[in-house]
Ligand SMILES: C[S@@+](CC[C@H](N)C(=O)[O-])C[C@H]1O[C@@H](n2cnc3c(N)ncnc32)[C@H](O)[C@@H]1O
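Shown here is one chain on its own, the form predicted on its own, set out as structure tokens.
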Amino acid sequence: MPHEWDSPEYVRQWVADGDKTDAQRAEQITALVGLIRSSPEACIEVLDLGAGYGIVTREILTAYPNAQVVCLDGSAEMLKHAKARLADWEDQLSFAVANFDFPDWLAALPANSQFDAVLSSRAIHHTVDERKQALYGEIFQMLKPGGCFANHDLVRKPDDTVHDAANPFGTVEDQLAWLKDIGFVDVECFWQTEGRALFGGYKSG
């Protein structure tokens, strides 16, 4: 069944369901944000890609209280929940509605945007492999020297032959190879369990 990201009721229920399980991924979200190579007091600029209702952004702003964060998501309804939940940091936030399944998502960002980190959690997995590779290249271009890209996401097991538009999850091995080919360094899978992984890399300083 396709998601109904424009439906207020559907998104409200999705967020309510997420609240029940967020504690289960709290350790991974903390680890995701911990991959940023900046001092805690630094005035970093971060893109939360597929920000949803703001769970990653909240962790970013807790760990980096001087950060500026762009929350980008394809669902305006989802970002309404993020704005409400992150109201205490409103002066440090901006919001952009765009679908990164298509290259024109970049137009939703301020011109010549450059980030110290691009982080994503459980958002990119639905994108087909060819588009994933292109997206990772787009992310690389917008990172500052020394910048971090890290993705906490659903992945496909290497021996799982089911791989189609309805189940486009890429393998960790494939995605690490793409990141290296693009030019990321220190590429690594930092955490993995069956069906989920935290992986990423850095742009040379």
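This one's a predicted model, so the numbers in the text were calculated from it and none came from an experiment. The numbering used is simple: start at 1 and walk along the sequence shown.
Heads up, the form predicted together with this ligand isn't pictured, but that's what we're talking about next.
When contacts are defined as a non-hydrogen atom within 4.5 Å, none of N151, L179 and G200 contacts this ligand in the predicted complex. Contact annotation: K83 falls outside 4.5 Å of this ligand in the predicted complex, judged by heavy atom distances.
Proximity of R25 to this ligand in the predicted complex: non-hydrogen atoms within 4.5 Å are present.
Among heavy atoms of A98, some come within 4.5 Å of this ligand in the predicted complex.
At the 4.5 Å threshold, heavy atoms of G52 reach this ligand in the predicted complex. Note on the interface: of 66 to 74, 143 to 151, 35 to 43, 169 to 177, the segment with non-hydrogen atoms within 4.5 angstroms of this ligand in the predicted complex is 66 to 74.
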